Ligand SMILES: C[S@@+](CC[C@H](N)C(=O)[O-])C[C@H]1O[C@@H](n2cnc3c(N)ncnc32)[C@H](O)[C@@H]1O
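Single chain ahead, written as structure tokens, the form predicted alone.
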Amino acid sequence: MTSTKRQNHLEYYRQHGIAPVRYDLSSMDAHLQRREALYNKLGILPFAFKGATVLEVAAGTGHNSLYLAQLKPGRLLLLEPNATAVEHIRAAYAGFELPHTAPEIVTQTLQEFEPAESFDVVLCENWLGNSAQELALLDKLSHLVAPGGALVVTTVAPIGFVPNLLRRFLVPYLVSPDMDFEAKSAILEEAFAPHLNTLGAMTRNARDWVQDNMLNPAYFGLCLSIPTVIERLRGNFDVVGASPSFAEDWRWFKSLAGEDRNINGHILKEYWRKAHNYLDHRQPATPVDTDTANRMEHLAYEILSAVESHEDAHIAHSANVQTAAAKVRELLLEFIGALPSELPAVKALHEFADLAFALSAGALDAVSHMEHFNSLFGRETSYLSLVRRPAWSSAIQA
């Protein structure tokens, strides 16, 4: 089935006058602690920002940048072309009481942005996807990093994406494509708020989450995986850290030179030993054979494509809806069959398979009261930090 032409993030946000990435700032101390914990896990300690030139691309509401600003970088540029988001940035800084570096807000897209200099730290959260155009933007982003500087990007684990892709499958049974945007938002918030309430550390409100995940036309293009980023950038960058942290390295540091260095190759090996752990955020990390992980990831990509085709069929009022739904169910059952049987997620996915494919329009109560699937969320978004190799190390193998 041919995919429907979809808006990108910026077009969608501008159409509805939204910036659905606001965080709970009721406790600034807690917010700053969360951001500090993230950067510590990524291996970028506070002193790395002090006096540095820092660029955040797709800065959104600017809430995340508050942590950076109070570390007193020499220069802080926030690239954000969405006018609604820019208003939020200005409001956030107007109420920010800690001593900080005032940001320079640049209202250009990354495509338009052509700075004269490179940056010590470049950050881009929750924006780039896996299309050819966005991979080219990842390349551009990497070229903005000075030698020896740090790049932080968010990735989406295909296996961790599956629970929310399945939630997205439910959307056409809850709202009509022709329904008013705010009405859709309200219905989906009612449906999925009970799911989100199972996440104890949730910092984004349910309405924003719904608008950014369940209604955003660009959602299906978000699946920029860790292997994709590493393979794309390994010629000039080495991985430093990740959140969640999945890689162990027991090699002696003195052996990490020349042909034996292989930092990125080791990270990829570790990823394929742990990739199935992205499915359920509650699951303690355990290793699995790489064939199983590869099979699960392949099926996750197929589920993504099938859910998008199912949604396209609903939008087009196509006679193919039933066929598209059956394809999703077929792939989901195959995915369940590939899982280690002892995983708690198996019961939740079976519940979804039994219930979701018997739904008709208006199934709000059934969706909001799933016993097991309600609390199944993947480790969907993960952070990756990389360092651009200095000029003297240009010959080092990735």
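Sequential numbering from 1, following the sequence displayed. Every value quoted in this text rests on a predicted model; they were computed, and no experiment measured them.
Below, we turn to the form predicted together with the named molecule, even though it does not appear here.
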{"query": "The named molecule: the contacting residue among Asn205, Thr198, Asn294, Asn126 in the model of the complex [heavy atom, 4.5 Å]", "finding": "Asn126"}
{"query": "Answer option from Thr323, Ser305, Ser318, Gln111, heavy atom within 4.5 Å of the named molecule in the model of the complex", "finding": "Gln111"}
{"query": "Region of this chain that lies against the named molecule in the model of the complex, out of 351-359, 39-47, 60-68, 368-376 [heavy atom, 4.5 Å]", "finding": "60-68"}
{"query": "In the model of the complex, Gly221 touching the named molecule (heavy atom, 4.5 Å)", "finding": "no"}
{"query": "Contact test in the model of the complex: Asp312 vs the named molecule, heavy atoms, 4.5 Å", "finding": "no"}
{"query": "4.5 Å heavy atom contact, Asn82 and the named molecule in the model of the complex", "finding": "yes"}
{"query": "In the model of the complex, Arg389 touching the named molecule (heavy atom, 4.5 Å)", "finding": "no"}
{"query": "Sequence-ordered list of residues in 193-220 near the named molecule in the model of the complex, where near means a heavy atom within 4.5 Å", "finding": "Asp212"}
